[in-house]
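Have a look below at one chain only, the form predicted on its own, in structure tokens format.
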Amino acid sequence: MTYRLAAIDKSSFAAEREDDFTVIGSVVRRSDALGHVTGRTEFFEDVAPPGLAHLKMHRSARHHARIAGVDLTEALAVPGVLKILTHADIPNNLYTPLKLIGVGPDDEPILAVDKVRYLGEPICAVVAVTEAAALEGAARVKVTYEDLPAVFDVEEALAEGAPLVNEYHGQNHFIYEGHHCRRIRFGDVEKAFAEADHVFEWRYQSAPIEQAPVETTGCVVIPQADGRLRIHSDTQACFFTLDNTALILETPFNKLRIVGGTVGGGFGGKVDVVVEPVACVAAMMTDRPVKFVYNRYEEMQVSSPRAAERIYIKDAVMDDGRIIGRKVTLYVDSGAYARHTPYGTTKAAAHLPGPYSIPNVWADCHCVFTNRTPSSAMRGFGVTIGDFALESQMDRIARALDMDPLRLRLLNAYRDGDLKAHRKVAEGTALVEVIQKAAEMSGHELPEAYRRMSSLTREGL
């Protein structure tokens, strides 16, 4: 299993290069390739200690409801069922994904208490000697619901009178330093719209994207003779998982050991610490190894997707293609809980208005709670969908002006030394050179004036 990495053009910024790099442009073997192709790589499910018990969840059958009652009688009578965990068994019954970087509040129960906020939310964890017994026990848990109105649209969730999704926040949006959204204010966009030759406004929408790893989310927890817990996990972030699991168990960090590093497909979603804490509690309460792994239905239904986003972009544009103002209103669907989406929304704001030098920028980036499955990290989350919208906007402006889309980008591309909308000075931009090289390699003809442009200067513009 080898990869040939595309060769880099070292002629650009040659004076800034003092390297003898040899990897790019060469054939490179992956460090884990031999283990994969010979079958020697060990995944968490290859761990099968004696006495292994299995954990399965009883999950919410409602999008939004109060829990009026939970009857475990039939479930406990299933042969092989060892224990059924409820919220009362979890030492700190709240996920803590961003607590260690000072972002709160913690807002998602490990096991539901008195309310469910999305379809598939875990309510009870059934631990049994076989997987079949755990599944049957989970199916026999009886939950009585009092249905509540649900909201699934980000703008409807922010409207007056919308059902309150998450009481831990008290409103259907995340608060950023006292503000209802993450904001950018740079220059005067309203003045730019008044002075522009053209004003273009379009809406962009994405749906949640399921990550669909080949290996579903899971772990095996093994109690140790010294009182520690050894956690075999497919987490993408071993120390992050260790720290957050310890916070939930209210135990010292050194009482846990994470064995990971081998992930059968993880694109961000396996950063969420959603299986390890409850499996640890089950292992402690039964004093035996416990396995908790999603089936394919669970992976598709309740694992974190990429957040759905709705983006409105309004641009003030001159006849020659210069963009003098950009206004962006972004709604990011966090689902019922925050997880990593407040951070993703901040990343989205930091990426605006794209890699372009625009003198007037206004942006409101909302992190919104709805009764959908909680969203979280996935491959450049916060930036990927924004890029789709921003570059689609550039193409549509080019068509409206009957202008070459690469020339439009070269004209507006940020240069080294430009002040970006969040008041950071751009450096090492290289966007101009990348566009020029892409045009050359694709046979896209550019006039001489555009071929002479540089990221190091604004001369000639």
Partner chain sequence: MPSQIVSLVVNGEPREFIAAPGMTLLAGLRESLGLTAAKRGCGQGTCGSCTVLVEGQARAACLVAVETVAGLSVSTLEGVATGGELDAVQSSFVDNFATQCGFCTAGMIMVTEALLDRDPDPSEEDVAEAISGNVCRCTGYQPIVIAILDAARRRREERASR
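Just so you know, these numbers come straight off a predicted model, no measurement behind them. Residue numbers count along the first chain shown, from 1.
One more form of this protein should be noted, the form predicted in complex with the partner chain, which is absent from this view; the next part is about it.
- Contact check at 4.5 Å (heavy atoms) against the partner chain in the predicted complex: none of 185, 356 and 393 pass.
- Note that among 113 to 121, 356 to 364, 288 to 296, 336 to 344, the stretch whose heavy atoms approach the partner chain to within 4.5 Å in the predicted complex is 288 to 296.
- For residue 105, no non-hydrogen atom is located within 4.5 Å of the partner chain in the predicted complex, even though that partner is not displayed.
- Using a 4.5 Å cutoff between non-hydrogen atoms, residue 419 does not count as a contact of the partner chain in the predicted complex.
- Taking the partner from the other structure, the partner chain in the predicted complex has a heavy atom within 4.5 Å of a heavy atom of residue 212.
- The partner chain is not drawn, but in the predicted complex it has a heavy atom within 4.5 Å of residue 37.
- Only one of the listed residues (208, 380, 223, 264) places a non-hydrogen atom within 4.5 angstroms of the partner chain in the predicted complex, and that residue is 264.
- None of 400, 425, 27, 61 but one reaches within 4.5 angstroms of the partner chain in the predicted complex through a heavy atom, and that residue is 27.
- Along 99 to 130, no residue reaches a heavy atom to within 4.5 Å of the partner chain in the predicted complex.
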